[in-house]
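Here's a solo chain for you in structure tokens, the form predicted on its own.
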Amino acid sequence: MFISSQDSPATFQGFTLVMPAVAVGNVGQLAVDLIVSTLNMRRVGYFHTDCLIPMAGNNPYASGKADAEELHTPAEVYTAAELKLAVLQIRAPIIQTRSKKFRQQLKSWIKASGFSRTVVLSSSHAYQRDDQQLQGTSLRYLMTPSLLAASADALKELGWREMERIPAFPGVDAEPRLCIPGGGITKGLYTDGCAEDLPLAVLLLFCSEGDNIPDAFALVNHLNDWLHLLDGQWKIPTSWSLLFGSGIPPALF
């Protein structure tokens, strides 16, 4: 359930929603960080749910001491009204037994808010690629039929590769299926969007766990090629300075 932090309810009619899937390397979440930080997006509310692990922290996009101690929650909504863009940032893992419930909550909010399209930024394990998935770049996309009809020309110009369907058990079950190992709720959101005629796209990268900052830049650049959000450089948020923890204590030496 969306809870507005403004005096008047936020309006999302006709906006594009960008959100991450909690997936391998946290690539989608890092990419969303870059969008919020660079576009200086305004927090308009948060997504209240019991499906995420509870957590709270300081402002990840602080510009100084004045706003560094603001309290932030696991799922927050930001907007850039001039771009008709909304972002849902998810900062905590989904409780495993409540994954389906969380997808249902997201779908209900997306429908009620009137978003023109939803873009899910995600990732998948590079080591589980099929032979055909080793070709081309590491980017893949998925689009529901309702959005594909309106985006066919843009996709042709971009030259992206659609996520291949592969046998789940090669040599045993040869029927091609959609597999997104390490992708969290990505596949579920996509199949739900197809079944319920939601205009939804998935952009994902094949990657491995580690320093996934380059993957985040690659993913957000691909998104920018499509949505044209920015002409300049991406701004790294202040919270990334502690992405791998604090430095080595000098007292150790």
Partner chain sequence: PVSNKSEVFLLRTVHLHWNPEVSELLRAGNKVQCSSFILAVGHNAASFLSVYILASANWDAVGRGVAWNERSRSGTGPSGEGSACVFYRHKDEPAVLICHVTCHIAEDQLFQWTEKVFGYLQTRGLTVTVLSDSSVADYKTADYLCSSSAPFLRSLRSSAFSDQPVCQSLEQPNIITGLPAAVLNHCQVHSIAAVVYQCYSDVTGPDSITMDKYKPVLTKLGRSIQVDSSRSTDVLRNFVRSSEIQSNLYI
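Numbering follows the first chain given and starts at 1. Fair warning: this is a prediction, and the values are worked out from it, not measured in the lab.
There is also a form predicted together with the partner chain; it is not shown, and the following applies to it.
Mapping the unseen interface onto this chain, residue 241 counts among the residues with a heavy atom inside 4.5 Å of the partner chain in the predicted complex.
Under a 4.5 angstroms non-hydrogen atom cutoff, the partner chain in the predicted complex has residue 57 among its neighbouring residues. Although the partner is absent here, residue 190 lies well away from the partner chain in the predicted complex, with no heavy atom inside 4.5 Å.
In the predicted complex, residue 146 stays away from the partner chain, with no heavy atom inside 4.5 Å. With the partner omitted from this view, the residue of 125, 165, 98, 161 that lies near the partner chain in the predicted complex is 98 [heavy atom within 4.5 Å]. Proximity to the partner chain in the predicted complex, defined as a heavy atom within 4.5 Å, holds among 212, 38, 49, 29 only for 49. Contact annotation for the candidate site: 81, 177 and 229 all lie away from the partner chain in the predicted complex (no heavy atom within 4.5 Å). Just one listed stretch, out of 67 to 75, 116 to 124, 179 to 187, 129 to 137, contacts the partner chain in the predicted complex at the 4.5 Å heavy atom level, and that stretch is 67 to 75.
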